[in-house]
Each structure stands twice: as structure tokens, then as C-alpha cells.
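The chain that follows stands alone, in the form predicted alone, written as C-alpha cells.
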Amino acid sequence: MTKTRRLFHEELQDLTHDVARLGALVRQAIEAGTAAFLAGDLRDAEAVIVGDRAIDQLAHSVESRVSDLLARQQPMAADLRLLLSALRISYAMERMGDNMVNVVKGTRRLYPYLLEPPIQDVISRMHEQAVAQLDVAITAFVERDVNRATALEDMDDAMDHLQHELFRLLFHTHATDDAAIQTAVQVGLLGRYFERIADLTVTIGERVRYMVTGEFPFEEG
């Protein structure tokens, strides 16, 4: 292997590491953001908003380095798919961070109202499901694991069920007056952000499958 080729592969490894690190930052945001939202803690909610800058900066760094490597190395085949997938995956993770910012902003809108325990429980389970799917997505990318990537589609069904459960609870317990209905709508919208995070992990899984096999999921069958 030539020195130029060796350096290129080292850069690819560094890029893979940074995409995984981006996933770890998003995971922290989901954990901290959910805790702040459920506790109605405005200070911790603000910390998540400020922390999103680090996610944005790292995502933009990945984008810039992918562009540079594409221009300098003109990669082919598997290396090209890795770069294109890293670009799309980092964008998906940046959007996950943005969704958590939207969740914690809901903390301010609802303050000082605290959710009833059954609704808190569903939100907590949605957060756990989102984290579980993100962990699988990161591992699938780092380990080039098509099986894990494919499993994300089935895992996402659990999030859909939780979203339906949340709506049933909200409109069963809050359908009393206009103010209560408005609160239910707000919480329902916040639940949608967790669902979007889960959807984005499925997108990551699709990109991993393309990266490894060279085939897009919609080309199957």
C-alpha cells in the first residue's frame, strides 16, 4: 500500500470515529433532554440547547472533511460509498439533535405544568426506544453490520406503538377543557419528535446497507 493510500485510509478511520462520536453526543442529548423535560427543569433544558452547538459543529466538520476527501482522493467503490454514507448519517444525527432541542423547548412552554405519571412513563419509554435504536444504528455503521442495520426497521414498530399509546392517554385524560386540550396537543407534538428520531435511525440503517452492499433498500425485490 502506498503512503498516500495509507494516509487516506487513516482519514477514513478518523471520519468513522467522528461519526460515532457524533452519535454519542446525540445520545447524551436524548438522555439529558428527556430528563429535563420530565422534571420540568428549565436550567437543564437550556444546557441541552447550548450543547446542541457541539453536535452542529461536529456534523459540519464531517461534512467539510467528506467534501475535501472527495475532491482530493476521487475515491471509488466502497470508499466512495463510505464517504457518501458518512455525509448522510451525520446529517441525520444533526437532525436528531435538533429534534431534542425542540423537546426541551417544550419544557419552557409547559412550565410549571408537570405531566401525569402515566404520560411520563410513556415519554420515558419513547426515550428508551430512541436511545436503543440509536445505539444499534451507531454500531451498525462502525461495524458495517447489515443485520443490525436491517433490524432497525422492525425496532421502529415499537416507537409507533408508543406514539399511539401516548395519544390515547393524552386525549383520554386531557379532553376536559380548551386549556387541557391545548396541553395535550403540545405534548403530542413533543412525542412526535421522539418518533422522528427513531425514523432517522431507520434512515441510518438504510445508508449502512447501501454502504456495505452497494444497493439501496428501495432497489430490493
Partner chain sequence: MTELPSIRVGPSRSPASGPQEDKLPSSEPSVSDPAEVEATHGPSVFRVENLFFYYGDHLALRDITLDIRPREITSLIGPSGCGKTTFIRCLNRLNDLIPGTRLEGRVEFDGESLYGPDVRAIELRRRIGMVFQKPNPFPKSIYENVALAPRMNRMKGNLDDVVEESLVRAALWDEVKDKLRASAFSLSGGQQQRLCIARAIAVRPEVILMDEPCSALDPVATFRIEELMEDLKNDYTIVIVTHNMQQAARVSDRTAFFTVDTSQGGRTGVMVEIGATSKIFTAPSDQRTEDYITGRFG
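Numbering follows the first chain given and starts at 1. Everything numeric here is computed off the predicted structure, so don't read it as measured data.
There is also a form predicted in complex with its partner chain; it is not shown, and the following applies to it.
Its partner chain is not shown here, but in the predicted bound form it comes within 4.5 Å of a heavy atom of residue 80. Taking non-hydrogen atoms only, residue 147 never approaches its partner chain to within 4.5 angstroms in the predicted bound form. Although the partner is absent here, residue 9 is a contact residue: one of its heavy atoms lies within 4.5 angstroms of its partner chain in the predicted bound form. The stretch in contact with its partner chain in the predicted bound form, judged by heavy atoms within 4.5 Å, is 80-88, chosen from 103-111, 147-155, 80-88, 124-132. Each of 5, 76 and 214 is positioned with at least one heavy atom within 4.5 Å of its partner chain in the predicted bound form.
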